[in-house]
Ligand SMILES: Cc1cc2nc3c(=O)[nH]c(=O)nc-3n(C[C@H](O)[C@H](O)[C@H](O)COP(=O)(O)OP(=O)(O)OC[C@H]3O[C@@H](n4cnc5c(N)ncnc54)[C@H](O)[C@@H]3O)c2cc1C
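The chain below stands alone and is given in structure tokens; this is the form predicted alone.
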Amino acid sequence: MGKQTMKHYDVIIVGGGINGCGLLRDLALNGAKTLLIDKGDFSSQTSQGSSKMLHGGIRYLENLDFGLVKEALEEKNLWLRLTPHLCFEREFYLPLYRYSKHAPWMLQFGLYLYDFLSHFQNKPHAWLGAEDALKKMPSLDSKGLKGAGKYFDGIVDDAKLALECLYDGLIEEGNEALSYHEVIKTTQLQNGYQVDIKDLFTGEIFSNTCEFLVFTTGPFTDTLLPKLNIPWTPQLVPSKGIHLWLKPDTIKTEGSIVLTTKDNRVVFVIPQRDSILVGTTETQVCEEIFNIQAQEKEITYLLNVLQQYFPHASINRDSIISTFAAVRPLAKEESSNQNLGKVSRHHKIYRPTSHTYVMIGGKYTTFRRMTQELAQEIVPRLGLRYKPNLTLNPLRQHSVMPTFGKKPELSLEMVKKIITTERVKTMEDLIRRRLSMIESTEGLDTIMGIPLEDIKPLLKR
């Protein structure tokens, strides 16, 4: 491959998670020529490590964070309308025991408030007595059970929503996205930046320029920006969370379950993708965070929670299909609050130099509002008129393989189409984020019946 010609973009975004992909889409729809760069695959870090929910965050009501909950519920219901192929609404049950800190009337008031903040766009909540609750959740511990609240939230393929935002933005002419490329140097110019980029497959180094440089690098922000000589004081409180995928017959339940642990954590039990998703933890980060993995003690913690609430179910290590982990890039607050569960999920936008922006914090569900706040500042500075309603339109390029419902039989022709139209560079990209498979890939020699040896030649980088 020959030396690349230097290109100029209005904006270069570093970090291809949900915020980077959402921002590229917003900027591109508003006429800003944008380049997105990620060191790995798009949506391969924090944005694929969520609890796979679009939700208001019912537990944030306890923090009196009504504005955030209202905004998140509005966004949840927007994406349920815009992307029904990527998300769906389902019931959540919140069991209440004699030892629970909230009385039934308090829970019912909270559920009413949740529906009120959604402008009553949620399906209506309900209260179930103990007997009815056990009919819906047969595996649940009946000892001391008072009943359960029922409310509704969304289930989503988090990685694919980010990817389809990216595809939608790239339909607009003059925009580009590079995975497995690393920004190794930034040089401030009179009206912008020169950005030196390394292709991690070929080792080639090339440069592009831009008027505005934006970092949506999540938990990597505090370590990356000083390396690139961007003025920066650490602003993050990194929080690690892990999840388990369990075999579908492990827990008998007709809906999702919200468990409040003795240490005041919230653990979700969510049937989906012919399995059960369980998570999450919230701990300080003590290891390398790129491609972070679940540790044994964290897995044991979640298994112990499940064994406490479902004592008659056979839940052990053999119940686990696979695990995953991610790091939340929580923004520091003024107070010295060390309770990670209480740290605000609000986002923050910084401007370290006149041509640099940094976004940290926030919730997955509110990414469109977060990136809109930034886009509506950048676009006018480019001499363009910002149109806020463009991101309310449906996404125009859908993934070849659906996540939910009945999946078509995978063929080699489908694999070719996925690789050529969905920016696949590695087998991991294909398996985890384009086919949405949850099984362990260790020792894998076929994908949905197709030999890996037939697929490998298609992965031209």
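Note that the coordinates shown come from a computational prediction; the quantities given were computed from them, not determined experimentally. Start at 1 and count along the sequence shown; that's the residue number.
Only in words, not in the display: the form predicted together with the ligand, which the text now covers.
The candidate site formed by 149, 250 and 256 is entirely out of contact with the ligand in the model of the complex, as no residue has a non-hydrogen atom within 4.5 angstroms of it.
When contacts are judged by a 4.5 Å heavy atom cut-off, residue 29 does not count as touching the ligand in the model of the complex.
In the model of the complex, at least one heavy atom of residue 217 sits within 4.5 Å of the ligand. When the ligand is considered in the model of the complex, residue 70 lies well away from it, no heavy atom lying within 4.5 Å. Contact check for residue 429: every heavy atom lies farther than 4.5 Å from the ligand in the model of the complex.
Of the candidates 331, 379, 266, 224, 224 is the one whose heavy atoms come within 4.5 Å of the ligand in the model of the complex; the others do not. Proximity to the ligand in the model of the complex, taken as a non-hydrogen atom within 4.5 angstroms, holds for one residue of 368, 160, 243, 76, which is 243. Residue heavy atoms within 4.5 Å of the ligand in the model of the complex occur in exactly one stretch of 205-213, 176-184, 313-321, 120-128, and that stretch is 176-184. Along 14-38, these residues reach a heavy atom to within 4.5 Å of the ligand in the model of the complex: 14, 15, 16, 17, 18, 19, 20, 37, 38.
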